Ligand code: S3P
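Encoded as structure tokens, the following chain is the form predicted alone, with no partner shown.
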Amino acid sequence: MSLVKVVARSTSFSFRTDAIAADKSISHRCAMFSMLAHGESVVENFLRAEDTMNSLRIVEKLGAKVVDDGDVIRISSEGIQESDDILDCGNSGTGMRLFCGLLASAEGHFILTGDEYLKRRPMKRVTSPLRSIGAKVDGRNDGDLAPLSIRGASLKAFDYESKIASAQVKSAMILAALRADGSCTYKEPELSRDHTERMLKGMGADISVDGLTTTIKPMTKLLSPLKIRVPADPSSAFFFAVAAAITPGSEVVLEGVTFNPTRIEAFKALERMGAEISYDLKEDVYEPIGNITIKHAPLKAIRVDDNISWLIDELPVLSIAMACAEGRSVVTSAEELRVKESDRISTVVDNLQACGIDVEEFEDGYAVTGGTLRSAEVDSFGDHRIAMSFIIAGLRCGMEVRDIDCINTSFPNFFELLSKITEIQVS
């Protein structure tokens, strides 16, 4: 099991980078959505991390032709074909849940599996609504746990109201709706990330959004292929935003990041805490893209209880900023954290307490009282975002984090960038 030791840096840093990992959510979708297109999809800056490369390998197994010259990935498909092999999603819940929607109406039988951590994550949030419209999906614990078996079926039009704001559930149902027998609507309690709607509309799908309701009409023909450069992932960029925010005298410029409003809520929260943040828009085609500058300033406590689905992935590292802020910060309405790569409420609480921070755990969140972070040895629990969050905490106090190989699932050049601002040892 790999161990990383971060030696705290006592001086400030100034750092500019265009090498933040490409957006994982968009990269997954580029691979999958190419299966719905006529012609060759061209994808620049695809994230070459374990999770997304697994999705790319899966579309190959489903019959797509993939040509990767190391810079640009070209994907051509003549429709989804039955695979003679199991489809391994690795550690990716996004991959497994979205493939459920994509394959629910495809002709053939498909098996989705993943690593030991993914096999523990709940899938009924996707399999149940898909079953309600005629999908033949099954798995362990009555379809809640992988491996999942999918036998393509005819799907009924639906008017579905979700009890949770989840881009993964919404995306799976939108993909299913594209091959349903009539117009479909999907309503959510709070707007979740909207990459699926944006990208499919850009490809020619008949999708409209009115507030919290998305209307999807079935495809009458294959969609136009993607021509896209994947922007930098704001969830990955946010680790370095927090690094600057908690290190006196520091500044970081993060280039080529998507400004999608459903993806930069964590930056807005960090602004509310007192960090100086500015945005410089450069382009707006599939996604608004530009540069974000973050400067250190004294941080103060905040309450986070709305737009939770917009910053759910960034909450672990935002908790590090909270630990460095003055006052008691509170996170609620975030029960979705319980079903991520780890139970992120428990893992954040346990690891912050190990660092000497006063933390109170709730069923749907936690309260963090800012204080002095102490050096500790903590566990990632196989969760890439927990691992990186507490490595960033090490900038203040030094930290040893166990089981860091999981970082490769989303941010393979994390340590290369980190080495520009602090000393690290990996064993």
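Remember, predicted model here, so these are calculated numbers, not experimental data. Numbers for residues come from their place in the sequence shown, where the first is 1.
Another form exists, predicted together with ligand S3P; not displayed. Remarks below refer to it.
Partner contacts here mean any heavy atom within 4.5 Å of ligand S3P in the predicted bound form, and among 216-224, 176-184, 310-318, 137-145 they occur only in 310-318. The listed set 125, 296, 201, 131 contains one residue whose heavy atoms approach ligand S3P in the predicted bound form to within 4.5 Å, identified as 125. Residue in contact with ligand S3P in the predicted bound form (any heavy atom within 4.5 Å), chosen from 105, 168, 347, 258: 168. Taking the partner from the other structure, ligand S3P in the predicted bound form has no heavy atom within 4.5 Å of any heavy atom of residue 236. Remark: residue 229 does not count among the residues lining ligand S3P in the predicted bound form, judged by a heavy atom distance of 4.5 Å or less. Contact check for residue 151: every heavy atom lies farther than 4.5 Å from ligand S3P in the predicted bound form. Contact check for residue 351: every heavy atom lies farther than 4.5 Å from ligand S3P in the predicted bound form. In the predicted bound form, ligand S3P lies within 4.5 angstroms of at least one heavy atom of each of the following residues of 94-121: 94, 97, in sequence order.
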